[in-house]
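Heads up, the chain below is alone and in the form predicted on its own; it's given as structure tokens.
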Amino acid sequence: MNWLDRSRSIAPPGFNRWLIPPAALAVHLCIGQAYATSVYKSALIGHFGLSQTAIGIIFSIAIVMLGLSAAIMGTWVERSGPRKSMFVAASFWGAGFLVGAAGIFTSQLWLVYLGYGFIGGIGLGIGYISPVSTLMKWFPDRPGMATGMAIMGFGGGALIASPMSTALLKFFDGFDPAVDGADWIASGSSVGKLFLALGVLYFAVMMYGVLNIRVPAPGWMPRGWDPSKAKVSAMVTTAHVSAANAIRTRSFWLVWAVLFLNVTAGIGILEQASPMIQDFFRGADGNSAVNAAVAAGFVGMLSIGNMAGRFIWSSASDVIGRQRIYMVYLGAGALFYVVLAFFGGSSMLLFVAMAVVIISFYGGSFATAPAYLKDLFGTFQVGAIHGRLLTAWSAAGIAGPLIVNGLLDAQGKPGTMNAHNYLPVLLTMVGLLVIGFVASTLIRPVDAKYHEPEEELASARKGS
């Protein structure tokens, strides 16, 4: 297996750096399936006969493991290189689906927790950070754009997974529109078959990324780029901070809090997307004007917003600065949540537009985070610092679904709620974003006492 070693993946002279984004996207588009879990959430609720909160724990475990595995394995990923770490991610992600399928077929929910949640979550975390630092090394002249390219695939994963999963569920379930109607909910066995298919398919696609990823040779720089002429900003350091020292700084924890609050608010829509749009447009007769296919299309629209926001907003941060762009994410996001809460049910176009913009800010916050860390802490161990930051996602993965599902369980049962029942959830999200906006304004450059001495930097680099 030595073909997976970093030394075997160093790019030859003249290698085209634009070949790297497709390899990164191959991984992120696959693990981005996590955003399409709402497509089969109702099916799992019916299959196991449990509440939204109990089924939502599957997603929470996966996100918790994403953050923990990224934090724990961050330095290993940097040391081992993207090829080996992407292979490990593909193995865990594929195996997670297979174990989860066994849990569905045997009606053992703990196996779904273990498979998709725990095992798959490890694949999520390692796969998420594996291409990011590599792309930043290939694009030091445009770090925001680079992280946007790496991470937009994760946001766009549901764009493929949502309609594909819906089509496969209908195929496995023998769906007949004349018999099943608009309120059709897939059977548990069809979800189990879906998991088997996705486990095999995603492993194969991720292997394309494994085989094609490369790291730049030592000392490589983009042609014509002079780092000494890069734009100077007080928020961009030329020094370096180790991962151990980064977590001792106030700036790290403020960025952590900002990401946690923004992600918790975004999960308010993503984790409930498919049933949410159906409930918002449910008539007095109890029937929704939105069928399963339209709801799946809405999940796909959110995926487009999530994916586009990761590239557009992160690229924009190269121009206007990371701190300012986070103020946009949080301040404008809070305003749009208010509009969604009070006026979203009056127009489907308004509902979809507000939700898509909010999710674009959610996605942008993820894509901008690695470049923000590079600005604040330098490039020395930015991959490992990014892994530690993703524990904010883990915490949000617990808090978000618990808040949303807990509030909705108090409002009523799936299939009986309407727009009014979502008011407590959406206004809670507004409060979280306002707190995040205040936290964002408090972020300052890292104190020089946390900077690594040059001789220690040289020694560490030589040792690696």
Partner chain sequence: MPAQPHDAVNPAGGTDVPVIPATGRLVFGWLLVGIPLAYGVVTTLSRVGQLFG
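Positions refer to the first chain, counted from 1. The model shown is predicted, which means the values in this text are computed figures rather than measured ones.
A second form of this protein, the form predicted in complex with the partner chain, is not displayed here; the remarks below concern that form.
Remark: V179 does not count among the residues lining the partner chain in the model of the complex, judged by a heavy atom distance of 4.5 Å or less.
The shortest heavy atom separation between V64 and the partner chain in the model of the complex exceeds 4.5 Å. Among heavy atoms of A448, none comes within 4.5 Å of the partner chain in the model of the complex.
Although the partner is absent here, R214 lies within 4.5 Å of the partner chain in the model of the complex, judged by heavy atoms. Scanning V236, A293, L335, L109 against the partner chain in the model of the complex with a 4.5 Å heavy atom cut-off leaves one residue, A293.
Exactly one listed residue, out of I58, V425, L29, A43, brings a non-hydrogen atom to within 4.5 Å of the partner chain in the model of the complex: L29.
Heavy atoms of no residue among A71, F87 and W253 are located within 4.5 Å of the partner chain in the model of the complex. Listed stretches are 336-344, 159-167, 318-326, 374-382; the contact stretch with the partner chain in the model of the complex is 159-167, by a heavy atom cutoff of 4.5 Å. In the model of the complex, the partner chain lies within 4.5 angstroms of a heavy atom of only one residue of 277-291, namely I277.
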